[in-house]
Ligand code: NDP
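Starting off, we have a lone chain in the form predicted on its own, written out as structure tokens.
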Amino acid sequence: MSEKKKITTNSGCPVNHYQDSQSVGEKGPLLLQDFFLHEKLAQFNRERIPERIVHAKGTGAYGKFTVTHDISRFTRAKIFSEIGKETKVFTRFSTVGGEKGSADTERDPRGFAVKFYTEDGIWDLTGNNTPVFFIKDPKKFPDFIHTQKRDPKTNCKSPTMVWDYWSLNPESLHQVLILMSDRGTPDGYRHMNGYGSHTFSLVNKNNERFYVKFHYKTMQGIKSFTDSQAEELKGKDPDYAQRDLVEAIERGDFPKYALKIQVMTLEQAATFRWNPFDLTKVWPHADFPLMDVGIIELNKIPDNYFQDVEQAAFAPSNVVDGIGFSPDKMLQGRLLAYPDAHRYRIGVNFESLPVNKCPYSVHNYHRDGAMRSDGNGGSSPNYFPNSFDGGYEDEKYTGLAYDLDSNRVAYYDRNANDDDHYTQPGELFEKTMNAREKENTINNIIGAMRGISGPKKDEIINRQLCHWFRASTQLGMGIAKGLGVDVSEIQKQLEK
């Protein structure tokens, strides 16, 4: 039997009536002096922190990353310094567009973020279960997410909003095709891949720089639900993915993912067919093969969901020496947006919370702010330079200097360059998907586009159909037939 613990207020005073309020007479009214009643209700009123705008519903687990292959020729990052080296990790999975109460089997991308607790600081690899994204400029992100949320008039999800936006932004086609395939409804989190998605950079001990994409491949095998299976589970077990991960780990069936990289030299980036920093494009494996790096194993569910999963804060700005950024516009936007979101949602001192805290030495001159609970620097100086605490700037960690491709500042016409939005989606459908996957994808798209309504219905459908036809005639014909659209009208639009 566990040791009995006396109930107290937050300040430690014993509570002798936890369930009964102090009143005047047996029938009331209540007294203002029952201070624990006010503490209990006030605490309850403040239990919820703001929900994440995206990735609101998720699950998480602790584990370890083990190096299995030597990539020191590309990076000097200490986490990869020797084969067999282990680093603690925390991983959070999530749906993207749904609220906290939404179902785990919604047709939606899945977040897949990994926090590495390295001796050089926290490295956050924030990504999804897809290698691309809907847009390639961060200014579009708020508008895109608005379309995935609720109509400001009806407060309902709106297929019309969704397809109107996608049809007006053909760069979304690659990700939309993946979303509409069976990969849009993965069987939980153990049976899907993850991707850093963005282009990052690596720097080795010789100060040589490379561009890199990170992949984490499930070692459980890819498994997905059909649309009908996913729909059924939404009603039967809306927390399916959460339950599946928790139960697997608790029975000792630890999920594992193989961390791999693609590497591109600066010279290759300069001549690559597509913009290598465009988040709507992939790097073909035939040109840039996957290289093995190590194994991520998840082996412990947090003891308290809110403390670790809800308060976990991942940011692509958290990199360590030997890993850096790239000109990827979406990445550049996220470097600002993610830490800013965390400061709003859980406070300016979010990185002192246990799940986000670097387990090694942290020393700087940031002070104060809400919920500071780590000593706040004690009596040491809160400025630099100073004559007292011995703080110094470590020149070993000076970032690598490099030249930019241009010194011209402008708002570039997004359609003037890199506007091939159709080749990669077309190849994905025609060359990668088998017959069953093609059929399911077409049926999923038909079902989703049938939800378009209102006076602009035909305009939106025809505009999106033109994109499908440009990617693949087979794909476009299948969708048009299912929607009962006269293909001759689409052909006229394509010829314009």
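For every residue, the number given is its place in the sequence shown, counted from 1. Everything numeric here is computed off the predicted structure, so don't read it as measured data.
The form predicted together with this ligand is left out here; the points below concern that form.
Q: Work out which of the listed stretches, 93-101, 372-380, 191-199, 340-348, brings a heavy atom within 4.5 angstroms of this ligand in the predicted complex.
A: Among the candidates, contact is made by 191-199.
Q: Which of T432, Q43, T68, S453 has a heavy atom within 4.5 Å of this ligand in the predicted complex?
A: After the contact test, the surviving option is T432.
Q: I need to confirm a contact call. Of G391, P284, P354, P152, which residue comes within 4.5 Å of this ligand in the predicted complex, counting heavy atoms only?
A: That would be P284.
Q: Taking I53, R110 and A113 as a possible spot, do all three reach this ligand in the predicted complex with a heavy atom inside 4.5 Å?
A: No residue of the spot touches this ligand in the predicted complex.
Q: Given that this ligand is not shown alongside this chain, does I222 nevertheless sit within 4.5 Å of it in the predicted complex, heavy atom to heavy atom?
A: I222: yes, in contact with this ligand in the predicted complex.
Q: With the partner left out of view, is H215 within 4.5 angstroms of this ligand in the predicted complex by any non-hydrogen atom?
A: Residue-level check for H215: yes, a contact with this ligand.
Q: Does any part of L428 reach within 4.5 Å of this ligand in the predicted complex? Heavy atoms only, please.
A: L428: yes, in contact with this ligand in the predicted complex.
Q: Does any part of K136 reach within 4.5 Å of this ligand in the predicted complex? Heavy atoms only, please.
A: Heavy-atom contact with this ligand at 4.5 Å: absent for K136.
Q: Is any part of 165-188 within 4.5 angstroms of this ligand in the predicted complex by a non-hydrogen atom, and which residues would that be?
A: Residues within 4.5 Å: H174, I178, S181, R183.
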